[in-house]
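Take a look at this single chain, the form predicted alone, given in structure tokens.
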Amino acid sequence: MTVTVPGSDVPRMLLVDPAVLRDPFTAYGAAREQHPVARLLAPGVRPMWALTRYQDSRAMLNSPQFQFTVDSLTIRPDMPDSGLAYLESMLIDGDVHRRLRRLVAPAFTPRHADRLREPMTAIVDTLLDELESRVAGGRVDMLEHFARPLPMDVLCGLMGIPDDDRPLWRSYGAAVSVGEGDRWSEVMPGVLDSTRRAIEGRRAEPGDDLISDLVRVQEADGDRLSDTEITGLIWLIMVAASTTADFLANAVLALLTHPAQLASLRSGATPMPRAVEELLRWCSLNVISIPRYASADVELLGVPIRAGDPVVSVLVAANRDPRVFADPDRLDFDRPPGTPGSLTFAHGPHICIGAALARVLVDVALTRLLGRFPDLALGVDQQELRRIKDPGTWRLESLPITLRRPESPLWILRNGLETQENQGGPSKG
């Protein structure tokens, strides 16, 4: 629901309004067409200014007038004291931030991410084996048993985290994914200890992994990343990686409910990278961007913004702005060349540094999932699916799927016998 500010056409939106939570695309889309700026309100949350159109959002995200600070990370209050130094080492702006991006950028280029396809594929295939083994009654929750463990398993593999530590990292990733803030504080000290041990080990004996790459980073003037900076960076990558699980679930649901697009993808008519880009635009995980803060009083699109006011982009509205995308509410894998990219990974100095890595991971996961299970389908009616009531993200509670048609011999062998066992075994009549 939107309410117009008295004496103005700027809409005020309640973040917890059931209509907004149920369908943010429609709610924020209506606000976008009313005015390029909206006011976002929620109990216990500082009011935020929001940009709803693509070009305005892109300009704000790239402007030094709107700064990224420690307060930008809304989960900061749940961070234990032991982790604040690492968090604050990364959530900075200006020259300090430019220095860090310069040092770490070589480890996150698209070319480097593409070289990781083979190890990613091995991890994906192992998890698909596990997914298949967990089928019960013909169905399995893809989100719980594939999408959620995948990013942490990949990240641990890329960083060279010892096998004994990986259950802890999976636990942390699951806590982030389902929004259990209290568990973040519980497992964070262990994750930090695991990261510090890994950094110490790579300084003594570098290997072929991400932490070794970051440890080796050193410019001609001798500038290099400190252990605190490396740990802070890995922590942020870990949080960002966890969100890939929920986007992957959104993408699978989108494909299973759009048979023509799925058929185009399966036939090879649509290259997977092109499909991933459109899915990032159409079913973005993040509803709004991480807040930036105005560095001085400024007028933004006719609206006065005070120094220190938080400003966000409404990504689900900007990514479906009809001024930029033709027929924006349609999932379209054939958008013309030159169509701008989505703002899902943000834009400007704080564009997600792991964007290339996330794109390759989703590409590999969807390719292997669809290739292995040609009869993949929803395990429940779409109307039965439920979303987590989070105004900042668009996440499913679960995603039950079926891997094979009921008449498939393998399905009958696996699930028919299981059903008989659950009923006390085969009849003897």
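Note that residue numbering begins at 1 and tracks the sequence as displayed. Keep in mind that this is a model prediction, so the values were computed, not measured.
Here the subject shifts to the form predicted in complex with ligand HEM, a form of this protein not shown in this document.
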key: in the predicted complex, segment of 130-138, 285-293, 267-275, 199-207 with a heavy atom within 4.5 Å of ligand HEM   = 285-293
remark   = The listed residue (His145, Arg335, His97, His112) that reaches within 4.5 Å of ligand HEM in the predicted complex by any heavy atom is His97
key: Of Arg330, Arg101, Arg323, Arg117, the one that lies within 4.5 Å of ligand HEM in the predicted complex (heavy atoms)   = Arg101
ask   = Looking at the partner-bound form in the predicted complex, is Ser194 within 4.5 Å of ligand HEM by any heavy atom?
value = no
inquiry  = Taking ligand HEM as it sits in the predicted complex, is Val314 near enough to touch it, meaning that at least one heavy atom pair lies within 4.5 angstroms?
reply    = no
ask   = According to a 4.5 angstroms non-hydrogen atom cut-off, is Trp169 in contact with ligand HEM in the predicted complex?
value = no
Ile123: touches ligand HEM in the predicted complex, heavy atom cutoff 4.5 angstroms = no
inquiry  = Within 4.5 Å of ligand HEM in the predicted complex - does that hold for a heavy atom of every one of Arg39, Ser63 and Phe66?
reply    = no
request  = May I ask you to list the residues of 138-163 that have any heavy atom within 4.5 angstroms of ligand HEM in the predicted complex, in sequence order?
outcome  = Leu155
